[in-house]
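In structure tokens, the next block holds one chain alone, the form predicted alone.
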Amino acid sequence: MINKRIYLDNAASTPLDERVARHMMKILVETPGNPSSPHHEGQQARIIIEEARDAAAAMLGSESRDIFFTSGGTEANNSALMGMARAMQNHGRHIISTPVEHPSVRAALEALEKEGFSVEYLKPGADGNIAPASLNSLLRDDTILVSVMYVNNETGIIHPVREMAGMLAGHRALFHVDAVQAFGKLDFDVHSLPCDALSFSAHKIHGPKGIGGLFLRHGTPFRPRAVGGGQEANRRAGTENISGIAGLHKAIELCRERPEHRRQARRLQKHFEQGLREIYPRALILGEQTLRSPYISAIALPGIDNQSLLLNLDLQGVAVSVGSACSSGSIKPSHVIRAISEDETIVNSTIRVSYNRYQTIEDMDEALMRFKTVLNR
């Protein structure tokens, strides 16, 4: 009988913080107004939105006017890529990205290719990272957009987006960064990372699902995808999700202690990886030789089928993942791992283990004990 489940799929979604939930419920009950209405109730809702916008801007070191809210990271990525590419198409149709991007970026790029845009991909090195210099080899006069994620959602590898931003200085190409796995966890701002657009989401930082946002630097060419109203300064039509935005605001406030959160995550990551190697000495940590987020481990267990392992761990009360959670809920070989390694043994044995700031070493020990049970079986 499993007394307690151990949740190690935090890169897919973190548990909602109770303080966030209480704040959202208060807003749901006490704020009936539409923020586009001029009366008192409407303006109270408007204040909630603008305070949250200020908080997101402060986190990113941007102007508040440069932030608009979306339904999450997927919409933010879609809006950035499609909105900027279509606005820039008279200057060229060449786009650069990587083969290890999130499905919401990959699918958006595929849709743009059907519209006549051309996409080229920067190949990862043996360590799983992208060499900044490789950008120069693909950059052309008609390149209008470059999109590279900050932290890979499957491996935790931190890509050199700051260096790439510097290399694009003086070039017409716009630069988009998917920072969903970095926002509220790593320390950065849009001055040290001078991008044109940056995506973020609430449910990776113990906020609610269904709310996120896009930093879009003022003056950046952009065509909105959702039209019909003037909300979000004409960048995203539709009545705003007031309680979700309030939840995002509260979650941002709880990130103030992120240096300590990172230290705790690093302790958990190190403890778990070392413990699993003791149980299964053949275990390989992908990206171990490059910079990684402390919140994510991609671990290959050669000789073990990852799909079978995932299902058996679930029966033992441990939640891990294989690939991205945004792949229709299916279990299939990861495009990210396949882009890093051509070894099918690695591709078919890699799992993702991801941590949150509220977990403990004792949680890791319990998870390792259950891993041992399954692996021995």
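No experiment lies behind these values; they were computed from the predicted model shown. Counting begins at 1, following the sequence as shown.
The following text describes the form predicted in complex with a small molecule, which does not appear among the structures shown.
Taking the partner from the other structure, the small molecule in the model of the complex has a heavy atom within 4.5 Å of a heavy atom of Ser104. Although the partner is absent from this view, His203 contacts the small molecule in the model of the complex, with a non-hydrogen atom inside 4.5 angstroms. Taking the partner from elsewhere, Gly247 is found to have every heavy atom lying beyond 4.5 Å of the small molecule in the model of the complex. In the model of the complex, the small molecule lies farther than 4.5 Å from every heavy atom of Leu216.
Note that among 172-180, 88-96, 115-123, 185-193, the stretch whose heavy atoms approach the small molecule to within 4.5 Å in the model of the complex is 172-180. Proximity to the small molecule in the model of the complex, defined as a heavy atom within 4.5 Å, holds among Ala298, Ala251, Met84, Met149 only for Met149. Note on the partner interface in the model of the complex: the residue among Gly287, Gly72, Gly275, Pro160 having a heavy atom within 4.5 angstroms of the small molecule is Gly72.
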